[in-house]
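Presented below, as structure tokens, is a lone chain in the form predicted alone.
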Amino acid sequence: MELDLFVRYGPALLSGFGVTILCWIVGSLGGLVLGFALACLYRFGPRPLRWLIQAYVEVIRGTPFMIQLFILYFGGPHFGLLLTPVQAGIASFIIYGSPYFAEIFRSGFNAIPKGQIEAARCVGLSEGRILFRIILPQMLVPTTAPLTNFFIILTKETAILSVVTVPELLYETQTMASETFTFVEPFLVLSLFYWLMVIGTSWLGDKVERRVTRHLRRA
């Protein structure tokens, strides 16, 4: 393939990569925060609220991401919810990711020995202090690897956003391929971009895991 084609379409590909990074980071972090809130409400909330959270988790986990994206983008206007493609992509990422993050955090909560919680309550610690001083520091150890893995999964889910014309990396690559009638080289470059995202996420997750488990290595 002619190198000048990459020079010509390079800005579009970099722009698409930027949109991919934006949707991935904002959507993933939003899902992370919402998932943590759901996990906390499930653990400390009343039973009816737990039922609602469990129903939400089962519905979102039981339906494909593309269908959720279609419902949000094409069905939203029927309920007065008008979103741009990028806004719909970010919102769908938050909705899609939050149940999975919630289940990861819930497993982390369950990994904390109940005796520690009971002892903290006996000495008069509030539920908030128990959460931030006892539960969270310990649950980082068993949840860091699953969180990293799911962040990696979400990097590749960004490709689905192209179906609602989000100008992300796959959308720009498809545009380049259709206009130049070349397919192998553009998609090899696309694979390289995703590989870099995955490698970067794995490296960052490994750094975090090493930091939160350094006391175990010393022991």
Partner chain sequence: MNFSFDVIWHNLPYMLAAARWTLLISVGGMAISLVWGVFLCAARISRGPFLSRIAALYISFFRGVPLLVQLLIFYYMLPHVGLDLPAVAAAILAVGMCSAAYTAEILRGALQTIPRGQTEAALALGIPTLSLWRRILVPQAIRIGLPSLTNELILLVKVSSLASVVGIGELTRISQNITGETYRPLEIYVAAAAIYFLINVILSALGRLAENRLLVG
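Positions refer to the first chain, counted from 1. All figures in this text were calculated on a predicted structure; none of them were measured in a lab.
Here the subject shifts to the form predicted together with its partner chain, a form of this protein not shown in this document.
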Q: Report whether the minimum heavy atom distance between A145 and its partner chain in the predicted complex is within 4.5 Å.
A: yes
Q.
Please tell me whether any heavy atom belonging to G45 falls inside 4.5 Å of a heavy atom of its partner chain, as the geometry stands in the predicted complex.
A. no
Q) Within a 4.5 Å heavy atom cut-off, is I94 in contact with its partner chain in the predicted complex? A) no
(Q) Considering non-hydrogen atoms and a 4.5 Å limit, does its partner chain approach I67 in the predicted complex? (A) yes
Q. Going by heavy atoms, what in 98 to 113 lies within 4.5 angstroms of its partner chain in the predicted complex?
A. Y100, E103, I104, R106, S107, N110, A111
